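A lone chain, given as structure tokens: the form predicted alone.
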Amino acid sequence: MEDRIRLEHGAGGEVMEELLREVVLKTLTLKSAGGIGLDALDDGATIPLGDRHVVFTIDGHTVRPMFFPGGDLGRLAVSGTVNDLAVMGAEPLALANSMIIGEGLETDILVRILKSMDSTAREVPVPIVTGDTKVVEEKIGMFVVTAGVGLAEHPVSDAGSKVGDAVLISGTVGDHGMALMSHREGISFETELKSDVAPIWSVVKAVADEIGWENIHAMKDPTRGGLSNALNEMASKANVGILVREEDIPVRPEVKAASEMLGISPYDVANEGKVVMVVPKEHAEDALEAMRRTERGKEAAMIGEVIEEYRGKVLVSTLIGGRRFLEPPAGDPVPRVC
């Protein structure tokens, strides 16, 4: 492990995982409250409570710029925390909001961020019930840390994939990361790139209502490190192979154009309003249709399956008929993306 922290250590991917495993997990000794704990490096933790489970998660948001096409810091903060609860099978019950504000920030900006948080929370719906505010001398703009509590009847981890399962995604990939990068670089297209930032509880619940929580074997929201990192984590934790079909992975034409111009794969950049879901093959079509009936899942697709070969690895069946490994990125190539 390096002796200094770099920006890449917080960007998802292999570099961040090294930091978590070699520093965080080796230093903190009490990591579980009886359910899924810190050791699992999942999207949250579970705490058994009678015949149900409390799910708890926390997330820091340092995105730059604070306002971007399709969203802003406030919408990102609420969506990110709600989505971490959702992919563990938990209905969001309440959020906490901690704001670290740099001296000199315009009050109007603070109000805009808070209004955005409020409107996004109403979409779910989930109340923001408590919080904390600090002002620092540094000209940082504003950082937001949100924590969330949810309740799950049947918790779902990202480690439950089984050979023969189908892999689904609730919509197009690369939208958030490419929208931010294009905005920062001043690249414009005929169709504006917009972030997909949104809460996805409605998508997850629709599938659970259709096929049952017990038939959702694994879930993950492909944020930092994108689809590549999410799939690799799921394959590694379950010790299975995952094969996805390039032709079936939905990518918007403008995102594809931006990725080619910037030399960045849309599979490697963050999404903030999508879920990767693994379900038994016999329930895949029903799950897919349930996703497509929701507002946030209209472009859902079945992109691959879980295989016995190449355990711990992800393969892509390419458009020209070959296969290649889909490696996890060292870190998200778009810094300060969430």
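This one's a predicted model, so the numbers in the text were calculated from it and none came from an experiment. Position 1 is the first residue in the sequence shown; the rest follow in order.
Not on display, but discussed next: the form predicted in complex with another copy of the chain.
Contact here is defined as any heavy atom lying within 4.5 Å of another copy of the chain in the predicted bound form, and by that definition not a single one of K205, D286 and I320 is a contact residue.
Contact annotation: of the candidates A179, A238, L95, M219, the single residue with a non-hydrogen atom within 4.5 angstroms of another copy of the chain in the predicted bound form is L95. Residues within 4.5 angstroms of another copy of the chain in the predicted bound form, judged by any non-hydrogen atom, belong to 124-132 and to none of the other stretches in 251-259, 154-162, 124-132, 208-216. Interface membership of I264, defined by any non-hydrogen atom within 4.5 Å of another copy of the chain in the predicted bound form, is ruled out. In the predicted bound form, A290 stays away from another copy of the chain, with no heavy atom inside 4.5 Å.
Though the partner is left out of this view, M99 does reach within 4.5 Å of another copy of the chain in the predicted bound form, counting heavy atoms only. P65 falls outside the set of residues with a heavy atom inside 4.5 Å of another copy of the chain in the predicted bound form.
Residues from 301-338 that approach another copy of the chain in the predicted bound form with a non-hydrogen atom closer than or equal to 4.5 Å are R336, C338, in the order they occur in the chain.
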